[in-house]
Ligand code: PLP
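A single chain comes next, written as structure tokens; it is the form predicted on its own.
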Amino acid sequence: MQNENNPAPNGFATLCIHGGEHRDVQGGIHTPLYNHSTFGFPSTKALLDVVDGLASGNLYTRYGMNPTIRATERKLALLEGGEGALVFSSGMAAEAAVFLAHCKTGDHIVCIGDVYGGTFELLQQNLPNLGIQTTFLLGNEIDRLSSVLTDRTRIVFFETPTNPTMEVIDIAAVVKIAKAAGVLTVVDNTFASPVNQSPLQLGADLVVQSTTKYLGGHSDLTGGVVIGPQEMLNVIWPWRKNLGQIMAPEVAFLLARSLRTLVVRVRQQNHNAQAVAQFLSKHPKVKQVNYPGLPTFAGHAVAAKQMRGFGGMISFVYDGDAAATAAVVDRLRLFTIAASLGGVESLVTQPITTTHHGLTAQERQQRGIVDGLVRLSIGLEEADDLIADLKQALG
């Protein structure tokens, strides 16, 4: 069992199980749930040593100073190859804390490619109220990045693969441009997960993820995480503390449970998604399939260079209008209509009705989020069963 006093094991699957765990005096094989808001001390000196950072210890759960939360953070940091991690109550809380901690009034962010609808609203509507502006580039406009960076640009942010068109952004190419300008690169690794992609190893400064998705993997928790160098996390920590964005110990405990099976889940989802994508690519009623694992997909070469697996997310364009597309979605039986993703069960959604419903029609059109677009989150069912369900719905 890996703990703070022993070296970390090397294999990724081994890290998922043993990384960051702490065995307490009762001998439990995993870090227990410490469902406490506060922790006691034997003396005032012992308390002050922890408060002043002279000794490690647990103080108050809202601060993240809770053994269950800390163990989960250590595991997450090991999986992404970062010095440290901070968990949050949601993925949006994690993103917001990064932007607020590393930007101030008058500063500037560049966002590349499609992003989750909530992220788009945060950047376009909320942060401008604080005097923080964002320039949005399409995924194929990386060659414009240098020209839009200013002396007030603090962050270049992007997802890869993107939500919902699965566009693949070349992490190393963006990092090279951003570093030359002294700008931080923040990558949302939610769709890929650390099983399939390691942005920090490609030069990114910080990684954010919605732990609600593949990391949680069972559609029963909500959370987020930021991973990276401790120096950058130290700037974010006060925002989490003072805005009350901490992940609850119960959620951290569930998340640690899920991380132990992350590898086997994601690798099977990779396998199933590849089979489903290949089926869809040959169906006469499907105009386009967006999946990095297809050689015909525009981002396949970059994905093959920077990813170890192509993920469980697919989107496709049905040859019909919004109503006809909704009818296909409604005929599915194994796929549940739901807005989230990354669970053991397969889900389906039309982005125009959920994740990107808040965008204008023009904004959606510009980003390829057309009325016939359908997003699939492929689960752990038998691939043949999923294909049969899609076949009957499309037929």
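Numbering starts at 1 and follows the sequence shown. Keep in mind that what you see is a predicted model, and the values were worked out from it rather than measured.
What comes next is about the form predicted in complex with pyridoxal-5'-phosphate (PLP), which does not appear here.
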| message | Checking a candidate spot here: are 95, 223 and 341 all in contact with pyridoxal-5'-phosphate (PLP) in the model of the complex (at least one heavy atom each within 4.5 Å)? | response | yes
| field | Partner-proximal stretch of 238-246, 138-146, 205-213, 299-307 relative to pyridoxal-5'-phosphate (PLP) in the model of the complex, 4.5 angstroms, heavy atom | value | 205-213
| message | Residue-level question: is residue 113 within 4.5 Å of pyridoxal-5'-phosphate (PLP) in the model of the complex, judged on heavy atoms? | response | no
| task | Would you please decide whether residue 90 lies within 4.5 angstroms of pyridoxal-5'-phosphate (PLP) in the model of the complex, comparing each non-hydrogen atom pair? | result | yes
| query | residue 191 near pyridoxal-5'-phosphate (PLP) in the model of the complex, any heavy atom under 4.5 Å? | reply | yes
| Does any heavy atom of residue 163 come within 4.5 Å of a heavy atom of pyridoxal-5'-phosphate (PLP) in the model of the complex? | yes
